[in-house]
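As structure tokens, the next two blocks hold two forms of the same chain, structure 1 and structure 2.
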Structure 1
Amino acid sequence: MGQFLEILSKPDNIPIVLLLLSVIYFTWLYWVKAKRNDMATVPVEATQDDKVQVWPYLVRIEFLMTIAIMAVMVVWSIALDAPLEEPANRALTPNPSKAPWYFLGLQELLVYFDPWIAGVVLPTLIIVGLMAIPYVDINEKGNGYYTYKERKFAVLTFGFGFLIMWVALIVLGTFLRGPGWNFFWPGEVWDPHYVAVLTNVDLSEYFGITTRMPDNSLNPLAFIFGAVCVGGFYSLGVLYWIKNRNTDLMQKLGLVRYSVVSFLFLSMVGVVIKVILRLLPTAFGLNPVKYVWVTPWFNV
């Protein structure tokens, strides 16, 4: 346990503790305010619509916040020294080697995906997906006040993406990943010689289709199997469209917006499924899944 507290209080990990606490607090705050607005006929914000003068009522808040933040920054900077380790040495990789904390969620995904997905495609999808939000969310309600009832899908999806896929993975990557990027529970000692024996297999091998032919070329059956898995997963979005296309919501959303939403949503779910495929089998003594789809050019 001592070592866990030590990791927790490492100066560079303070922001993550802050992140965790503030995210919990603000999620709770949101929940309280949203519940209150959902019960009332008119959101609380709408009753505070009378105008006040910026000088002094807003400026004084800014002024006080500035002083408070400056005080916090000065105390923080006096109390904790920024880390400065050994001089750079290309030949000696520290164990574990970690990216800056805000990228640890992505680094965690590197365990499950090839670098081109985890390092390039997923970040791009995150950025593009975030930018697309205002243009695909056609729900006019919930503009400018806290609410949950009026935009459940939006809040749940974003909350899952931000709280679980981003914050929780950062916390996991910082506090629970030790040497060799092995998983350690809080309280376990980070043993640099710990060896996790993991023999990964491809998903098709669960169904008796070996990925590689004896001469090390790709088995076409495995290729087709993977293509069907991935293609079938994304075609769920198409099926849902065909089933519900005549509802009011879908008519209003339109095919283009729907395609964007379903692609991004399924991609997010797909990431979770791949993580589960990697982690869950070990609980039953089976081999974790390495790839779902192996092709000559890329592996998913």
Structure 2
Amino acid sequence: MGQFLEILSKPDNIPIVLLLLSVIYFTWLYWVKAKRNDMATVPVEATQDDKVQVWPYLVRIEFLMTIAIMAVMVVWSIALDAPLEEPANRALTPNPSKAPWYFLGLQELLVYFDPWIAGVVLPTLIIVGLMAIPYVDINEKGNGYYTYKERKFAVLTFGFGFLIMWVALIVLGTFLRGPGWNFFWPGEVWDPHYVAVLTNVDLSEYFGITTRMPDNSLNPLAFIFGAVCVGGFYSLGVLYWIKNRNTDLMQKLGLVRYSVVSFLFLSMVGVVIKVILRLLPTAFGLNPVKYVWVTPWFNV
């Protein structure tokens, strides 16, 4: 545990710890305000008249905060050494070699996916999904005030995507990935000589279907098995549409917008399922799953 506390207190990790604390605080603050509005007849924000003039009131507050932040930064720079290392040496690679904290989530995904998926496809889906939000969000409620009751799907989806799929991966990559990008629980010593022996298998092999034939060619049964798994997973969105297509929500949303929302949501859930399939079997002494669907062109 001493080494874990040392990792937390490293100068370049202290800002990450503070950011995590701020995430916890603002998440808690949202739920408090959302609960208050959901229990009231009229949102509390609608009854508040908190408008002030920019000059001098807002400018004065911003000026005082600027001075306070400058004072904190001066004390910080005196109390903590800059996290500088020795000059770069092309003959000596740092172990572990980590990206900046804001990219650690993507670097962690490289453990579970091929580089083109983790580094290209998933970031693209994130950007496209964020761009699509104004066009697929048909709920007019919740604008200008905090609420959970009137925007359950949006709140839970954002919380799941941000807290679980982004913040949690950053925490995992920063504090629990040690030398060799091996996983170390808090309290375990980061042994630079530790080598984890893992035998990854494809999902089809759990069902007795080998991925490769004796001549190393792809087994057609494994290809079909993976296609059925992936296709069946995404067909859940189709089945949900068939079951609820006559509801007011689906009629207002429309097939195109529903298809976009369904694809992005299922893709997000699929990433978590893939991570679980990679990590969970090791807890029971089983081989982790490498791929669900193996094809001649790509692997998922």
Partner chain sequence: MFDQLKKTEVYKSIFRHSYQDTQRNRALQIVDNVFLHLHPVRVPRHATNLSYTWGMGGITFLLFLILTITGVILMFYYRPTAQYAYEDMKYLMNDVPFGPLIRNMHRWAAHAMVLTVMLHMFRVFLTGSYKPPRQFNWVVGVLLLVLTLLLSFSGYLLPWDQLSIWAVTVGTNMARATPLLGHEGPLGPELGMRIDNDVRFVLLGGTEVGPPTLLRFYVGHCIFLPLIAVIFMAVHFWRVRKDGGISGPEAAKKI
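Here, residue number means position along structure 1's sequence, counting from 1. Basically, rigid core = biggest C-alpha set you can superpose within 1.5 Å across the two forms. Fair warning: this is a prediction, and the values are worked out from it, not measured in the lab.
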Is the form predicted in complex with its partner chain structure 1 or structure 2?
1
C-alpha of Lys252 moved at least 2 Å between structure 1 and structure 2 on rigid core
no
Is there a C-alpha shift of 2 Å or more at Trp28 between structure 1 and structure 2 once the rigid core is superposed?
no
Kindly check if the Cα atom of Ile138 is displaced 2 angstroms or more between structure 1 and structure 2 relative to the superposed rigid core.
no
Rigid core superposed, Asp49 Cα shift between structure 1 and structure 2 in Å?
4.3
